Ligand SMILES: Cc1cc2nc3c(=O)[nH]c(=O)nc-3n(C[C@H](O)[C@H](O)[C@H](O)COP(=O)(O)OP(=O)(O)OC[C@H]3O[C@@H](n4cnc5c(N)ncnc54)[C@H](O)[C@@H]3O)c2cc1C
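A single chain comes next, written as structure tokens; it is the form predicted on its own.
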């Protein structure tokens, strides 16, 4: 058994203390809900010398922003955000992604900031022994020649094909959310599409954060079209399970043509995948199944598959078309 020291921080001045403690020690980690951190500690994948508990810091709640958006505190629990009236009314795809993203027990524990830092569910990463470039840079990627049914087909590299696991990050990417952080000497803001880094040659680096940099809030725009949005998740079983494919979509149609659209995909990318090619193909065109299908095909044209996950591009195409058809039927026209 490996000993770990534990420090609890609280109060307004606790934010700076927590950041200072972790920044000063390369072997310290923040501890929020612990739904990922504790699992990886038990599996000997992570081995910090110290955990800095941040659960009592004043970083919770959902509040209005002057521009009409919502600010979600980093320590707000997933269940709280899913139940917030403003989120349910203005951002239904976010609320739905949260409900489908975990069991009730996990949703009551997991924090929004922690979810943004969630580690991949690749079995080779989590077994602690198989070659894995995320866990041990330069070791190789066992998934490339191994079991890869649930792995990514978009944004992959020769060093990593692990799928990004978060559900709620998918609609947040579609909405151009902003991640706010605190360092020892400044506050920073990251566009969410830049917050999740592609694996490239450095799959161990998943975010642009420095060690000790703490997520404090997530700012989420609430564009009018997001009021009619959905999150559609396809998985192996109806109960709590990670996505094989998921779609976060918002669609606005005027006079039979697409006037606005936001789309992001989950379960298929090494990061939450903003479907910009599909969006560009749709705007200004007819809101028809044929157009939806062409847009989906354009987005998935560069998918790179393994023999085990070769079904994913077709499943993603069908799921995206179904999501857009659903939004059209449900009255996205105005």
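This structure is a prediction, so every number in the text was calculated from the model and none was measured. Numbering follows the first chain given and starts at 1.
Separately, the form predicted in complex with this ligand exists; it is not shown, and the next lines address it.
Placed ligand check: this ligand in the predicted bound form, overlay by site C-alphas, backbone/C-beta within 2.4 Å: Blocked pocket: the modelled ligand, placed by site superposition, has 3 or more atoms clashing at the 2.4 Å cut-off.
Triple contact flag 54, 101 and 166 to this ligand in the predicted bound form, non-hydrogen atom at 4.5 angstroms: Contact check passed for all of 54, 101 and 166.
Listed residue that, although this ligand is not shown, lies within 4.5 Å of it in the predicted bound form (heavy atoms), from 258, 74, 192, 226: Among 258, 74, 192, 226, a heavy atom within 4.5 Å of this ligand in the predicted bound form occurs only for 74.
Proximity to this ligand in the predicted bound form, single hit among 117, 230, 234, 84 (heavy atom within 4.5 Å): Result of the distance check: 117.
Which of 282-290, 25-33, 64-72, 297-305 sits within 4.5 Å of this ligand in the predicted bound form, heavy atom basis: Single hit among the candidates: 25-33.
Heavy atom of residue 178 within 4.5 Å of this ligand in the predicted bound form: Output for residue 178 is no: heavy atoms all beyond 4.5 Å of this ligand.
Exercise: residue 155 in contact with this ligand in the predicted bound form, heavy atom 4.5 Å: No.
Heavy atom of residue 218 within 4.5 Å of this ligand in the predicted bound form: Judged by the heavy-atom cut-off of 4.5 Å, residue 218 is well away from this ligand in the predicted bound form.
Contact label in the predicted bound form: residue 106 to this ligand, heavy atom within 4.5 Å: Although this ligand is absent here, residue 106 would touch it in the predicted bound form, with heavy atoms inside 4.5 Å.
Sequence-ordered residues of 236-251 touching this ligand in the predicted bound form, heavy atom within 4.5 Å: 240, 241, 242, in sequence order.
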